[in-house]
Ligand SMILES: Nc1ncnc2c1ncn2[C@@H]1O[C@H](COP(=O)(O)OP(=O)(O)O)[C@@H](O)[C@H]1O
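We begin with a single chain expressed as structure tokens, specifically the form predicted on its own.
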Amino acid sequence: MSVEVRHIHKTFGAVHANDDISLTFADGRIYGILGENGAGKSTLMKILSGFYLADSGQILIDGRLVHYDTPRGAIEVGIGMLAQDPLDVGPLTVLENFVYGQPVGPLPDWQAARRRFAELAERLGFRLEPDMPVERLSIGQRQELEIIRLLALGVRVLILDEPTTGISAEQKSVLFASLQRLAREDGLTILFVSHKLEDVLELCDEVAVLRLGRLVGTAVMPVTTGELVAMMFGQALAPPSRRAATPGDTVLEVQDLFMASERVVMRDCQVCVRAGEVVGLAGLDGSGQQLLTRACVGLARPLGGRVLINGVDMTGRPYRDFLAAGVSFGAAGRLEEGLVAGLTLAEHFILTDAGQGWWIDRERGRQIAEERIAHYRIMGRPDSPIETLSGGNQQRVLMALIPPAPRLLVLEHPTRGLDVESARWIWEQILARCAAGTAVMFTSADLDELVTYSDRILVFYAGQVTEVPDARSVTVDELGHLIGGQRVGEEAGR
């Protein structure tokens, strides 16, 4: 099934998210959709998948003009999308989520559904337990479930929006093998939206590059990383520079921390982060990093041990006490925890304005928003609802909400879903605070990011912590082995 978009236009207020985009996607091929954050990639894919309705333009399938304005309508013509955050129901089981939305009567045939699910999972190489509650799955497993569900609905065009963000290297290998099988053997059209150039180079047959809402070029693989970067940004980017850390006094000290979740138990965890230092937390999803970050900002109560901020015991105290002590937190879930859906940019800055007083000064909020929008280069206006911004611009808003000089800055996946230039810009803001004496602790699934920006790295595996005292001394490959449970020196001894 081939798909063509002709002269697609879409605006959000003054933002022209898609500006006269025309593209053709043939069956049996994998297309990379590239562009900096805010370039219009996700908007175009949401139009194709029925989440948005274009202001003007046409969609053709096998040369036939089609009309739909809902995701169900898109699925009925054979187009389905895997969003960055899979659209599943947490309390339901894997099998219940699989059946949910399928064209069945009031009494589903559960045995037939179980057989069909098992067939698709085996074909794709996915290992999913049908009776497992979805809320206990990793992000990679939830993506696998959503792909199986879409295929069972009969989609022939599969759109994936940033699917490798937050998944392990093993899960990515399984995902890529399944996508190649679907394209090569089953003739599906795969549209792969990503900011990770190495993933596009490894997987895709062709690429289309968007910039500021317009299509700036297409290319048939292979091409070089430099060529893709130049198409995305109009110029080559210099490699990121490393900084020499000069740590000061201890800001965060964790002593004998004992915490537990459904997936991991962490005992006797010891952590020390000093002023002017960046400590990266590495590990597979659910290995204990989030338990530590949440305990260090007052969002989770330890079962044992102590958390000290500037020498003061803060163990078990609420989040607001950590804020008062100079601790700032950036959650991985931008709209789930970091921002408030339905509020405008100006209203977000009003909420965090320490000088607000008893009465809401909306004009002051607008002025602050205009200043932060300009300084942080946010593609939006003071009255823009936060959910209308791209993921990269939402991340910029989160950085703009962080105080200029916190004592401790704890960040979960600070560049999740960001393009190369935006990720570097975010790190410029983080390192500027670090140079002023802020202690920084962050989690990331990007091994290059951990090695590039960390002074020290703490590797989490099954609740155990291994320290890499000098990030400059470890390679990305070695860090990958540590994350997989291999201890320092084991590889050399084999």
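None of the values given here were measured: they were computed from a predicted structure. Position 1 is the first residue in the sequence shown; the rest follow in order.
The following text describes the form predicted in complex with this ligand, which does not appear among the structures shown.
Trainee: Can you tell me whether residue 37 touches this ligand? I mean in the model of the complex, with a 4.5 angstroms heavy atom cut-off.
Mentor: Looking in the model of the complex, residue contacts with this ligand include residue 37, since a heavy atom lies within 4.5 Å.
Trainee: My question is simply whether residue 438 lines the interface with this ligand in the model of the complex - judged by any non-hydrogen atom within 4.5 Å.
Mentor: Heavy-atom contact with this ligand at 4.5 Å: absent for residue 438.
Trainee: Just to confirm, residue 352 within 4.5 Å of this ligand in the model of the complex by heavy atoms?
Mentor: Outside the cut-off, so no.
Trainee: For residue 390, is any heavy atom within 4.5 Å of this ligand in the model of the complex, or not?
Mentor: Yes, residue 390 sits close enough to this ligand in the model of the complex that at least one of its heavy atoms falls within 4.5 Å.
Trainee: With the partner removed from view, which of 134 to 142, 168 to 176, 270 to 278, 382 to 390 is the stretch that lies within 4.5 Å of this ligand in the model of the complex, judged by heavy atom distances?
Mentor: Every other range fails; the passing one is 382 to 390.
Trainee: Establish, in the model of the complex, whether 12, 17 and 52 all lie within 4.5 Å of this ligand, using non-hydrogen atoms for the distance.
Mentor: Yes: each residue has a heavy atom within 4.5 Å of the partner.
Trainee: Scan 296 to 320 and note down the residues that get a heavy atom within 4.5 Å of this ligand in the model of the complex; none is a fine answer too.
Mentor: Residues within 4.5 Å: none in this stretch.
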